[in-house]
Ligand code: GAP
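Only one chain is included here, represented as structure tokens and corresponding to the form predicted on its own.
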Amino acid sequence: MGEAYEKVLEIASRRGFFWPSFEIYGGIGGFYTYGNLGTRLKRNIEELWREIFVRRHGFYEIEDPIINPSRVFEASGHLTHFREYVLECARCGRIVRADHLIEEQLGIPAQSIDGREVERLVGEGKVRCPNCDAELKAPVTFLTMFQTKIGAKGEEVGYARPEAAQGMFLNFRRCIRQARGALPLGLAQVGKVLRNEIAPRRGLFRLREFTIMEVELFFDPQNPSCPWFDRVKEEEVAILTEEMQERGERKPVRITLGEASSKGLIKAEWQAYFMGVSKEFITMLGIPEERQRFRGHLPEERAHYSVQTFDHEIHLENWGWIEVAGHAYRTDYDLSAHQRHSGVDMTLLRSDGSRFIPHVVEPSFGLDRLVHVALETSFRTMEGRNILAFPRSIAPINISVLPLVAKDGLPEKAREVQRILMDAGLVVEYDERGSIGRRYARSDEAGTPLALTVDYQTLEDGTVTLRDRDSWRQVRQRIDALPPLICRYLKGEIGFSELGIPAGDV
């Protein structure tokens, strides 16, 4: 395990970002509980995504049930296709996911392994039980969807949704009427999804219950241009296409999105646009450009509904390239499928009298993965101290308020300052336990951008010290001037030096 990964997990558990669920009963793999800091971090990332992908574009947002009747997933193809190959040991009975085991033992990338390859490798004895090194039984498929019964008598079979997308397709007719029939139409949804993973691993990267953030962008295939494409067409990205991988190439090409779209490397202009927006969003989470790439799905790994998918991947010290988002061109697959199975017309009318079913491009983000990525990429040390240098926009706490000592009226004054800042809408943590140095360290480790110290001078002139998390520099400012200045600082409108006068110059 990488040092950053191990340290982040230790901090996450100790400081209350997240920890394994059901601890008092021994835990169950694939379930995690978020504490106060983790919940705030998660919500801040979600709100940043909502700002960039939903509000900025004027898209509609819906909230749809997690449990769906089986006929929804019969129509969508999930009951047929949402399956993984499972291997069982002939001696000890251990069950493992086939593609993960083959990747670990033979070094073959999981995304390039199809069912026939699994059967061949197992049949030839190329892979063995990771527990006892015995032979494995023939592979079988496993539906990775949670099944339930709906109603007192269980007369309706239901499934927990494995993605949020179907809700946008099921409600398309209602939403397009609310949009007065105008395309393009963007529908968004953030919510829980469930997948009965065979062997959950890698902490927040492979969960049985997780949060997904998705947009379904509906457009007329005869008018496929994106009106905002000029905003991103000069943006350079690292792309590893399906064709490059099939030729054995592993180094992505750097190319502008405009060029990638004009050359047909990206099939839909809307898809290229959202890849540019995705890069902007991920960069705002603190992930540098050189640690980002877009990798095209190979045919055997591409979802049944997609004609082209690019994963937005992030490079981490411990795991290498990890997917945090998928950009799929779903064409009219889903609306057509629901039209066939429900008998409900999903077509729209063009001005020339012709009817059509809209095509769909989907950017989809795993929120829990982004939480871990934000934690790991923000982690650093300075003089032996742990710092989580979150971007200000997603830090779970805006400012720590610290009395220099817990006596002589300083705690009372510090509580007064805390209330002023809280009334201004800031998330404030108060801490008076231990030395001031220890409290600074706790604030840094929680990723709090600013620490405010109330000292004896405060009682004399109404000024306090502000300390920067990343540089440990300090400035002095009047209490009554703090709220608007701190709000501007957190929005990135001013730098730390503009918050006050250097403490040594006061």
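Sequential numbering from 1, following the sequence displayed. Bear in mind that the values here come from a model prediction, so they are computed numbers and not experimental data.
FYI, the form predicted together with this ligand isn't displayed, but the following is about it.
Undergrad: Given that this ligand is not shown alongside this chain, does R195 nevertheless sit within 4.5 Å of it in the model of the complex, heavy atom to heavy atom?
TA: Yes, contact at 4.5 Å.
Undergrad: Are any of the heavy atoms in F205 no more than 4.5 Å from a heavy atom of this ligand in the model of the complex?
TA: Yes, F205 is a contact residue.
Undergrad: So in the model of the complex, is this ligand close enough to P396 to count as touching (4.5 Å, heavy atoms)?
TA: Because no heavy atom of P396 falls inside 4.5 Å of this ligand in the model of the complex, the answer is no.
Undergrad: Contact with this ligand in the model of the complex for A325, defined as at least one heavy atom pair within 4.5 Å: yes or no?
TA: The answer is yes: A325 has a heavy atom within 4.5 Å of this ligand.
Undergrad: Specify the contacting stretch among 208-216, 421-429, 171-179, 127-135, defined as having any heavy atom within 4.5 Å of this ligand in the model of the complex.
TA: Flagged stretch: 208-216.
Undergrad: Spell it out for me: taking this ligand in the model of the complex, does every residue among E163, Y305 and S364 have a heavy atom no farther than 4.5 Å from it?
TA: Contact check passed for all of E163, Y305 and S364.
Undergrad: Among the candidate residues R369, K413, H338, R293, which is the single one with a non-hydrogen atom no more than 4.5 Å from this ligand in the model of the complex?
TA: The residue in contact is R369.
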